[in-house]
Structure formats: C-alpha cells, structure tokens
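We begin with a single chain expressed as structure tokens, specifically the form predicted alone.
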Amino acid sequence: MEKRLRLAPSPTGLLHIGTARTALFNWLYAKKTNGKFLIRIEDTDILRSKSEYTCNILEGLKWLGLNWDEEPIQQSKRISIHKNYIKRLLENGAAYRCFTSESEILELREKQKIRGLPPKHDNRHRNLTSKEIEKFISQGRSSVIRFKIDEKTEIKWKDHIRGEIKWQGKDLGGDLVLSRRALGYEIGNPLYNLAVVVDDNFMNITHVIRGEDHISNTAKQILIYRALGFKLPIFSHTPLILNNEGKKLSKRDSVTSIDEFREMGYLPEALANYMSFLGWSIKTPESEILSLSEISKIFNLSDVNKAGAKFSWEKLNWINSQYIKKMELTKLSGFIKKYWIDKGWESPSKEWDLKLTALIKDSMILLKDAIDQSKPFFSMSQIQRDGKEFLENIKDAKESLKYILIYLKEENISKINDNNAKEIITKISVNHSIKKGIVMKSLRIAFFGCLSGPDLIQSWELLSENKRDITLIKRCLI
C-alpha cells in the first residue's frame, strides 16, 4: 500500500520552524518509502486564518525544497462534509447536543478550581430527551455538539517513535466538543479534532507525523475514527524543539519563522540539513553535511528521539558556513551581488565579482556577512585604534606607504597582480631596509583600517581595479 503523509498547518501566522521541521520529517519519510507528501491548509478558524499566511507557508516549504505531490486541500471548503459526519455521529448516538452556556461552564470551572480538580465538563446534557432539547431551543439557547467519551475506556496505540502509548478516557476533559455553537437544530462550524479525522480519512493518510503536543488529541481522534468506522493511520509524535532553557521554542526566543532565518542569510539547504538533526540522529554518521536526498535514503522514524531537541545557533551557523564554502562561485556571487545592489554598491565587472566572492566566502557564516566583508572594497573604512597606533608608533610604517606610491608611479603600474604586488613589497624591503611585515601591515591598515582582514595581495588586486588602492594609501599620509 502506498504511504501517504501530510502537513496540516493552520494559516494563522508565518511558517514556524517547528511546523517546518514537522513538514521535513513527513517529507523525508514519504521519500524514503516512495510515498506521497501532501498539504492540507486547516483554515476553518475564520477570524485568525489569512490568505497571506497560506502563501507564506507554501512559499517557505518550496524554499526549503519540500515540494508536495498533490494539489493542497483547503479545509474550509469541506465544512459541509464535516457537518454531515457530525450528523452521522448524532444519528448513531455517539454525539449529542449540549446547551451548557458559557456562564455555566465558567461557574463549573470555578467550583472545580476551589476543590482542586482539573477543568472538565460534567456532560450534563448527554442524556437529554427530545422534549428537553426542544425546550432549550424554544428558549433561544444555542448548542454545541459533543462526542461521548466513556471515562472507563482505555485508548492505546503503538506510536512509531514512542512505542505503546496509553490514555484513559477520564483524563480527556469530559465529552469532546465537535462543533461551535449554533441556534436551533443547526450544526455550527466543525472544530479541529473532528475535521482532522474526516479529512485524513478522505486523503487516505496512512501515517500521521506531528509534534508530541498532539498526543492527547490523538487519543481523542482515535475514538472518533472508531465511531465513524475509519481505518486508523500509524501515529508518530516527534519531540518539541527547545530553547537554551529547555522550554518550547517560541516567539520570545527572537527568531522562529522561516522568513526570519531567510532574511538573516541562512541557505535553505543548510537550514533543512540542520532541522533534520533536531530530534533525529544517524547511528553511524559519516558526515553532518547531507542533502535532503541523501538524508531521505537513511531516514528512519525509529531513530527519532523521544526527548526534546535543543536548538543550537552555533551548530546551525557551522552548517551554514559549510554550505557557503561548498557553493559554486557563480551561484554564491549571485546571492552576494543582491546585497551590493541593495547598498547601492557598483562593481567594475563580473570577473571582479567572482574574485571578491572567492576572497570572502571562507570567512562567511551567513549570506548577510557579505555586507561587512565586502564593504572595504566599496567604501572607505575608518582607521581603527590599532591601525592609528601602528602608523604613528611603528618606525617606517608611513614611509613604506610613501614608497609604494612612488613605485606605482615610477613603474607605471596601473593594475596590481600577484607578481607585481609581491615584487613591490620585496623591493621596498630590500632597497629601504624595511621589514616586509611592516610594509604589509601598513598596507592592510590603509585598505581595511585595522590589522586584520582578508588576503592582502588578492585584496590589493581587487582595489587596484578602479584605483581605490591609491586613494586608500594616500589618506594614511595626510
């Protein structure tokens, strides 16, 4: 039988890394088993669901390389179908109308709180007669539809990640609400647990992979599956992604949406690679840098951890830097050039772009690092304290820069290359008894304003392209 998996996000916010990791695990298992990865947009929360969030979720999945195999299903277009299944549950006695008002529920909660009991509905309208129902309706009272849960029942299933899980009916909070309030004999809009079961059955979902925070929902949904005579899928509950404090990663942790990771300069391949290790690990890893295709071949749900997965910026940054180093130069240059254009920086030629990209790529962690790394080649860097002290206190520092200008003019050197750059430095050292280290450090201060920076000779070659090297040297002699 073909394995069919799905991601079922609610479009009430931007694509979160937790949702993206769930999508990734579903996608990996589908590819591993030659199955299908599907999308269902659960947009039945009319007030909070927005079309822009749907677009954001789908675009984010595409950016990560998690393409789906069939047209996404929009849950809100299936509301009438959901209602028909609620009618079926009403007709076979598995569900009933509950007229408990909001104020009555609040009163019940207060009494339970005083007695130290957990919040739980008392199922007071489970056995109403038809006359009692008519009376409530004639009084203008609205009703929800509740699903009957036998408190003595035990719900158990074999979780693909966690093994056997057991849940007691008495711990599910009373009879489950299936639909929102409606007047008369109408049925209000279906709620999550009912709609999920109906739609997973309709989509022939064979495996449900989702976060451990859904375990209690799974217990409730299994009861609905059975009441409707549907075949149960295989359930797998993944660990949550945790922050440094061991708490669930949330918006308070600053960056959580895929958009934010993208804007910071993370590559989709690197982020997907890192997310795969959030809760999953290889028993005998040969490398931690793996493509989605490579990971899908070795991915097993049985290797997913039960414990929470702690998010590590350090690890993500390292993986991202490795992808930048491995990236083909023309492709990386295209990414970097966009930052230059945004800054209004103009480069002399495509060849120059590639040379600068090659120069800075090994020191980049994020794509955005290209801004600071490239800046000295487009605008004049301020001379930092260590640079000023070197030029003022080290004998022959400024003299070496004067000699460089003289040699450039006397030998009519318009463009620097590896050979003539080294030749100039050697001549100044030999002819004027100045240490090569002093000449090179003085040049570095002129170009970058400090004693650190990328390869000096390659940098000089790029700066000479539009005579910026001369301008930068002269400013140190004023």
Ligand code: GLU
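Keep in mind that what you see is a predicted model, and the values were worked out from it rather than measured. Start at 1 with the first residue shown and count on from there.
Although not depicted, the form predicted together with the ligand is the subject of the following passage.
- Residue in contact with the ligand in the predicted complex (any heavy atom within 4.5 Å), chosen from 83, 214, 398, 160: 214.
- The contact with the ligand in the predicted complex, taken as any heavy atom within 4.5 Å, belongs to 210 out of 121, 78, 210, 355.
- By the criterion of a heavy atom within 4.5 Å, residue 167 is excluded from the residues contacting the ligand in the predicted complex.
- The shortest heavy atom separation between residue 196 and the ligand in the predicted complex is within 4.5 Å.
- The shortest heavy atom separation between residue 8 and the ligand in the predicted complex is within 4.5 Å.
- A residue is said to contact a partner when one of its heavy atoms sits within 4.5 Å of a partner heavy atom; residue 299 fails this definition for the ligand in the predicted complex, lying far away.
- Only one listed stretch (286 to 294, 188 to 196, 94 to 102, 357 to 365) carries heavy atoms within 4.5 Å of the ligand in the predicted complex, and that stretch is 188 to 196.
- Shown without its partner, the chain has 42 as the single residue in segment 40 to 79 with a non-hydrogen atom within 4.5 angstroms of the ligand in the predicted complex.
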